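Just so you know, structure 1 and structure 2 below are the same protein chain in two forms, each on its own as structure tokens.
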Structure 1
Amino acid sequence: MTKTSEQMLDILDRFQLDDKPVAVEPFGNGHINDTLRTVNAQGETKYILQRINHHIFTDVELLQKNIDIVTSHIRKKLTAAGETDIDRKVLTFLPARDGKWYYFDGDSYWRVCLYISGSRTLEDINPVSSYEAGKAFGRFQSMLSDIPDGTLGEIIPNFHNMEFRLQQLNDAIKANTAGRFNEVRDLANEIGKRSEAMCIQEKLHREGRLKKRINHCDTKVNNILFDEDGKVLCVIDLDTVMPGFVLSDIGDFIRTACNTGAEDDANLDRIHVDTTIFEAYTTGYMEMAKNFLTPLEISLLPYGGRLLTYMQTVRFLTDYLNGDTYYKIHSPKHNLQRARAQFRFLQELEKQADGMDGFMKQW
């Protein structure tokens, strides 16, 4: 349900805030939650207000508990490392007046965090910012690596489980709820050809050769805040931080940052791989992560890019077949356009696979 500005200001008033917002504005372009920023009487932004998509994050209590564990843990690590300006280096959520980390208005769930001042997201990443991003995600994983098993709940079960995602696609094909299968038969065939090669993580895990670690699980470029000088301030969008395979995080970064086109590019000829972004990211990432990764994980990192791109093709296509029930869409065939663009990027990554896999040999 759409809310008026007045209703949103009323929602903000349910939180323990020091500053008084007088207006809210839509902000960011995520596919799941609704993000707004506040404006005070001086025209300054102090807070981010988000409506949590509780159809996807069905256990909001667990969601916010996980985020509290993660942000408190990082804060402790940053303090111990003698970092300054910590409020700009980790997200700070603010409690509601009743002490909870969210407010339920009878219809939607809301949360508020501090707006990180002087921050921006980069749409066009270059090798320097990519190297910084690699260090940031390596450090992020490393800081979370000592959270004991079982502490964080698996907020969306099987989130990056490829076998499960293929099962969902097969179910969607069988049900053909929206009557769209004929239109996507070609793409479904291409997906089918690669299914075995794309499920090796689950197989390696069953054989005891690949363990689960705490990952961010949504390392899109726009989930990193940079300062004016292109240095990383903070990793944001912590909803999906949970145990998973380490390839997820480098994978989603390759998927979004190394693509010379857009995630949903209508012009497939714009889609190529910028390998300089991959090399810079991997160099930064390995500086932080090589002490905890196994040789098998290191060799598989570029495969992570192919895997996450394949997975995203499958997820967008599944949603298209189901009649667009998961991702926000901005045109009737948006999910199909996204799926086709992701598949083209996968084909481009496949062409570069030998070079990218070979780059890992130096470690």
Structure 2
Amino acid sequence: MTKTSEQMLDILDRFQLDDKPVAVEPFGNGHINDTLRTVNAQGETKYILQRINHHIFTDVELLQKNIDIVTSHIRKKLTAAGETDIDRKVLTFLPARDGKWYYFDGDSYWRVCLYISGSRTLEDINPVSSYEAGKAFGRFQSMLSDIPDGTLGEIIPNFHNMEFRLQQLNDAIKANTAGRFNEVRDLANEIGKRSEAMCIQEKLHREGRLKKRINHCDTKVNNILFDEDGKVLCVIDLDTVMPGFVLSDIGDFIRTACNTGAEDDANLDRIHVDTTIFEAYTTGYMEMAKNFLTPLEISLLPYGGRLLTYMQTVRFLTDYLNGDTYYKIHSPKHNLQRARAQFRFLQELEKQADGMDGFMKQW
């Protein structure tokens, strides 16, 4: 439901703000939540207003509780470390007038955080920004590594559970709702050949050898705020911060940043692995994270890249078989194109596996 400017300002008035906005404008290019920035009478931006996508994040109370726990924990760590200008180094959310961390207008859920002036996100990745991103996410995980088990809830159950994702695919194959299985039989067979090898983390967890930790679960470079000099300010987009395996966080960065092609590239020949990005990110990450990681976790980090790429192949193919009910598509076979592009990147990662695994031995 589209809101008028007056309705937006009324929503903002439901929060405990020190500055009075007079207008709101669209901000950023997020795909899940609607994000806007406020403007005051002096033309300054002090706050960010977001409409939470409660169709994806169905438990908004838990979502905002998780975020409050995480940001408060990081704030305490930064204070103890003697950091200055802390409001620029961790997101600051503002409570509604009723004390909750969100406001429900009868139709949508809203939240407000402080705008960090002079900050920017990056869409392009290079070895320098990749190294800084690795440090940022490594430090983020390190600061949260002592949060007791059970403190945070799993905001999207089974989000990176490979066994669960494969079950969804098998269900989609059996149902064949859109009548597309014969078209993708070859890809489904290749996925099946790798299924056992790609369920290692769940098996190791059941054996007590791989523990769950607090992860960001969406480690793209554009989920980091940089200052004007290219230095990291803070990690943002905290909706998916929840318990999981560390393979997820490094794995999703490898999947998205080390691919020389696009996620949905129609020309598979453009898809290769940029190992310089992998090495730069991993170096930065390990500088911050090696103090809490186990030797097993360290050895499995490159496998995380193969795992998350395989997982995304499965998810795109599942959606294609189900008739494109989850991901937004721009053409009738967009999800199939995405799945084939991700599978090609998986094949390229498999070719580089020995070298990437070997790179971890220095730690």
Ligand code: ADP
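Here, residue number means position along structure 1's sequence, counting from 1. Quick caveat: nothing in here was measured; it's all calculated off a predicted structure. The term rigid core refers to the most C-alpha atoms you can superpose between the two forms while keeping them within 1.5 Å.
- Of the two forms shown, structure 2 is the one predicted on its own, while structure 1 is not.
- The two forms, fitted on the rigid core, differ between structure 1 and structure 2 by less than 2 Å at the CA of residue 70.
- Residue 301: CA moves less than 2 Å between structure 1 and structure 2 after rigid-core fitting.
- Residue 263 is among the residues whose C-alpha shifts by 2 Å or more between structure 1 and structure 2 once the rigid core is aligned.
- Core superposition places the C-alpha of residue 331 4.9 Å apart between structure 1 and structure 2.
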